[in-house]
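Just the one chain here, the form predicted on its own, laid out as structure tokens.
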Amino acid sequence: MRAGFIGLGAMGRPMAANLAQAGRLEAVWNRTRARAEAFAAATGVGVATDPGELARRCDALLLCVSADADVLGVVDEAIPHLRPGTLVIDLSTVRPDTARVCDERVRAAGGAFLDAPVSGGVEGARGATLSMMLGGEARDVARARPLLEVLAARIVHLGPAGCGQAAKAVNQAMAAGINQAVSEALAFARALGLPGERVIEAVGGGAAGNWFLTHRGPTMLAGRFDPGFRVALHHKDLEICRDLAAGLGAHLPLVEMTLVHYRRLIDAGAGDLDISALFRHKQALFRG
């Protein structure tokens, strides 16, 4: 199966590199062509002139872009050039309704669509240890699995189109709570005069242990906030969570609070930092 990849950002580039290393990648396309050409020079794969060319050359298109409008735009560019049975696999994080619209349009053109958002950060993308949440038809999941297994260590099919994105919203709400708890607790530990690294060692082996504490706690304490996962992107994802909850007649207090805190970071010029930069906000609780 010849795969094409669209979107070579922080997550997309290492995923595409894993496909290239596995001999699965035919060509790439990126809105900034220089990024695609640099990737091609490093991996030996081709560069498509547009999503349509990629659709003509490949049996599967994988997308990893930033926002709903980007996904819809790329899919609409590719649709006139899809061959019967072409798989379109969206690895982005967007609204479930966007996934369902893409599914309808791709299927009407004779292709097949999967929404396949991932969790695990840049480290997971590089190491192919991502967790993937899938929406779509079971038969299409089975066809896509040889490609998806190159990218993710855990692949879970949750139901029809849109279910993968709904599960990702749950993931993002949970990640917000974990970030809130870890950043606040480590700021508390520092204010108490405790040695941060040893606190991480002590609590990380107990009930409070978690991935974020292990992977972001040390860099947080060191004042390093290289993404990772950018504040601005998580803010965008939490807006999706807020809107989904509103559609159910509910609100999510933790999500609402995190949106406020992220907005403060974004307004302070920290939108491109890792979400662990929330530690800065938490430290301010203990000043004075």
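If you're wondering where the values come from, they're calculated on a predicted model, not measured in any experiment. Start at 1 and count along the sequence shown; that's the residue number.
One more form of this protein should be noted, the form predicted in complex with a further copy of the same chain, which is absent from this view; the next part is about it.
In the model of the complex, a further copy of the same chain lies within 4.5 Å of some heavy atom of A250.
Interface membership of A38, defined by any non-hydrogen atom within 4.5 Å of a further copy of the same chain in the model of the complex, is ruled out. Proximity of E201 to a further copy of the same chain in the model of the complex falls within the 4.5 Å heavy atom cutoff. Although the partner is absent here, T86 is not a contact residue: none of its heavy atoms lies within 4.5 angstroms of a further copy of the same chain in the model of the complex.
The candidate stretches are 191-199, 104-112, 86-94, 69-77, and the one lying within 4.5 Å of a further copy of the same chain in the model of the complex by heavy atoms is 191-199. Between the options A245, V47, L221, L259, the residue in contact with a further copy of the same chain in the model of the complex by a heavy atom within 4.5 angstroms is A245. In summary, among the residues A144, A161, A166, A152, the only one with a non-hydrogen atom within 4.5 Å of a further copy of the same chain in the model of the complex is A166. Scanning 117-144 for heavy atoms within 4.5 Å of a further copy of the same chain in the model of the complex gives S119, G120, G121, T129, S131, M133 in sequence order.
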